[in-house]
Each structure stands twice: as C-alpha cells, then as structure tokens.
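Presented below, as structure tokens, is a lone chain in the form predicted on its own.
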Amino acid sequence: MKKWWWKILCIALLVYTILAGLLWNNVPRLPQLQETIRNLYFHVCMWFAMMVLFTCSVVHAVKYLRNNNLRSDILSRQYAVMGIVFGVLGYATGAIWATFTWADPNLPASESFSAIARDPKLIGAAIALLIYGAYLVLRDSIQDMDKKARIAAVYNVFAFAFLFPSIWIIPRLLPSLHPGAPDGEGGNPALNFKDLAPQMRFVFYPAIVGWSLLGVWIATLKVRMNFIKEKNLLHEA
C-alpha cells in the first residue's frame, strides 16, 4: 500500500477531474467561452504536467553528469518522452480550443486559422516541443552509450533553459490573443485570482496533480520496461 498510494490518488483525481470537469454545472459561461471553458482542466493542466515532467528530466540529466549512472540517463529520457507527449496533448487541446474561441467568423476558415497559427504562444510552444523532439533524435543518432548519455544530458539542460523563454516569457512580451498577454490585463493565466472563477479552482488544482502523477506513473513504467529489456539483452549475451 505504501508504494501504491500515489497511484490510487492519481486515479481518484483524474476520475474526479473528468466527472466534475465535464458535468459540474457551476462553470461561468462567458460570452466568448461558454462551455469550452471546461477545457481549462485539460489544456492548461497538461501544460503544467509537461513542466513537471521536463523538470524531472533535467534533474536526472544533471544527476547523470554528476555520477555517470546510466539509470539517471534512462530516467531523464523517459521523463522527457512523457513531457513531449503531454506537451503535444496540451498543444492540441489548446489549438482546438482556439479554433472555437479565437476564430473570426467574418473571415474564411483558412485565413482565420492562419492568423491563429501565428499567435506567439502557439509558435513558442511549437518551438519548445521541436527542441525536445530534436533531443530524442540526437540520442538515437549516437551509438556509443556513454557518449550518447553525456551529450543528451548536456542538451537536456539547454533545452530546459530555453523552455521558459519560449513558453512563459517571450509570448507575454508580444501581442497575443492568449490570456496573460501585454495587451490584456496581464498576469499568469489560471493562477491569477482575476483570471479564474473561485469555484473552478476546486477542479483545476486537483487536475494539475492528477495529470502530473499520470505522467510520472507512465514514465516509471517505461523505465521498468527499459531495465527489463537491458537485463534480457545481458542474459542473451
């Protein structure tokens, strides 16, 4: 039970998030958002989960640079993989949300989508995900295990350092439709008390924890599978 409590908590929080997020009839129905505001529990919370996973990844990358333990390298890679997965899910849910709330009904669909795709927030998020995608390509292009682990760890540190400017800083300095832009009231979307209705916080914060725990859970499973695969290869050798 001591090893499983956080997994049980993860399942309970996600069940609560899905049921309350989709069925709880107390969300504010703003003119532009209406029911789409429920996507906050998925889009934004998956971004937070992505940040947690990338943070775990860079921590293990630094650990590898300090101790040269390949276990740290494997953990760093799997957390990065899950961070990319949640990043893509966050980007997809955000892009879909934008098509319903940012699209201009007076413009053709292609022209409206083109304007949305040029939003600084979407561009910054896409660049960050591409940088981490290049991290995986770089790893797979190197055959020597120790060299691969060291170069990947160094790249991981730089990728994480670029993550904050591309997602959190630069988009806030440029005109954007996304909440928190300088042409609006500013602030940190979903964290500023002016940006989120109090009743939504009862679902929003548990959702962040639930999605983050799910990402960690899947990453640990992938790490165990990796270890089992390596043990089988050693036995065959």
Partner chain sequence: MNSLKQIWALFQKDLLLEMRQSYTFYGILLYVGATIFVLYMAITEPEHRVWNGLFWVIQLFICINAVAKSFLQESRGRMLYFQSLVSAQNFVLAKLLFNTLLMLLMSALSLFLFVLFFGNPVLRTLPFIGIVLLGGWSLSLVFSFLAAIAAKAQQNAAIMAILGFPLIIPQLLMLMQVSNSFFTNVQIPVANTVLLLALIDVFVIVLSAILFPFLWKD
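Numbering follows the first chain given and starts at 1. Remember, predicted model here, so these are calculated numbers, not experimental data.
The same protein also exists as the form predicted together with the partner chain; that form is not shown, yet it is the one meant from here on.
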Heavy atom within 4.5 Å of the partner chain in the predicted complex, from candidates 74, 138, 89, 81, belongs to 138
Interface residue in the predicted complex among 37, 70, 59, 170, criterion: non-hydrogen atom within 4.5 angstroms of the partner chain | 170
Kindly indicate whether 130, 158 and 161 are, all three, within 4.5 angstroms of the partner chain in the predicted complex, using heavy atoms.
-> yes
Given that the partner is absent here, does residue 134 sit within 4.5 Å of the partner chain in the predicted complex, heavy atoms only?
-> yes
Residue 95: touches the partner chain in the predicted complex, heavy atom cutoff 4.5 angstroms | no
Consider residue 209 of the chain shown here, and say whether it contacts the partner chain in the predicted complex, taking contact as heavy atoms within 4.5 Å.
-> no
Is there a heavy atom of residue 151 no more than 4.5 Å from a heavy atom of the partner chain in the predicted complex?
-> yes
